[in-house]
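One chain comes next, on its own, written as C-alpha cells: the form predicted on its own.
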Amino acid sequence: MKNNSVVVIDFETTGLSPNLGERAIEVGAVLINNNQIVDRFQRLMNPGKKISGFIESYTGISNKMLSTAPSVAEAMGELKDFIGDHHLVAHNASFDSRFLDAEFSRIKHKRVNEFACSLLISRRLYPEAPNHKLETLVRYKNLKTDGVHHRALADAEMTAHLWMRLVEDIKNNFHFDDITFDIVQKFSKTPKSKIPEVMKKIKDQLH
C-alpha cells in the first residue's frame, strides 16, 4: 500500500468488555510495510486479578504465566511506542479498539491512530465465504498460519496475512494501481450494493 504502513493488533482479555472492568492480558502486534511483515511485538501482562478457568482454557494463558508478567501499564507503554503514528488494523476492530483505548486511558494516553476492520472488509469482499471468523477466512483464502488460535501474536499474524490479501484483492478486483489505507477504510464502511459505484468514483478522482 502506497505510503502506508499499518500495525495489526490483537488482544487476549479477561472478558468481553472493558466497561465491565475486564482487562487486557496479552497483546500481539505486527507491523506491515509495503504489504510485507517487517516487525512483531508481543507481551503478556498482569491484569492485577485472577482470570477465569474459561479464559485459561480458551487462550492457553494461565494465572501462573500472568503472575510473573509485567504490569498492563508497562506493556501498554511499550505498545504505544511500537504503534507510533501508524494506522491500525484488527479483525473485529470494535473489540480491540475498545480495549486499546481503555488501557491507554489508564496510562493517560489518547489514541489518534485510525482503525480499519478486516472483518467488515472481508464481509464485503468475500460475501460467499462460509462465515467471516478469522480462522475460517484463513482456511478459505489458504493463508499462512501456524495453527495456534487465541494467542495474541498468532492471531495478529493471521490477521496480517488476511489484511495483505484483502489489499491485493481490492486492488485487483477494482483495477487500482495502488491503494491507500483511506481507500480500504472507505471500502469497509460502504454498503455492499454501493461498492462498485464508490470504488469507480474514487478511481476517477485519482486520475
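Residue numbers here begin at 1 and follow the sequence given. What you see is a predicted model; the values in this text were computed from it and never measured.
Missing here is the form predicted together with the DNA; even so, the following discussion is about that form.
**Student:** Here the chain is shown alone; which of 88, 119, 72, 125 has a heavy atom within 4.5 Å of the DNA in the predicted bound form?
**Tutor:** Selected residue: 119.
**Student:** Does residue 157 make contact with the DNA in the predicted bound form, using a 4.5 Å heavy atom cut-off?
**Tutor:** No - in the predicted bound form, heavy atoms of residue 157 and the DNA never come within 4.5 Å of each other.
**Student:** Just to confirm, residue 134 within 4.5 Å of the DNA in the predicted bound form by heavy atoms?
**Tutor:** Yes, residue 134 sits close enough to the DNA in the predicted bound form that at least one of its heavy atoms falls within 4.5 Å.
**Student:** Decide whether residue 143 counts as a contact residue for the DNA in the predicted bound form under a heavy atom distance cut-off of 4.5 Å.
**Tutor:** No, residue 143 stays farther than 4.5 Å from the DNA in the predicted bound form.
**Student:** Within 4.5 Å, heavy atoms only: does residue 150 come near the DNA in the predicted bound form?
**Tutor:** Output for residue 150 is yes: heavy atoms within 4.5 Å of the DNA.
**Student:** Which one, 163-171, 30-38, 47-55, 62-70, holds residues whose non-hydrogen atoms are within 4.5 Å of the DNA in the predicted bound form?
**Tutor:** It is the stretch 47-55.
**Student:** For 13-52: residues with a non-hydrogen atom within 4.5 angstroms of the DNA in the predicted bound form?
**Tutor:** Going through 13-52 in order - heavy atoms within 4.5 Å of the DNA in the predicted bound form - the hits are 13, 15, 16, 17, 19, 20.
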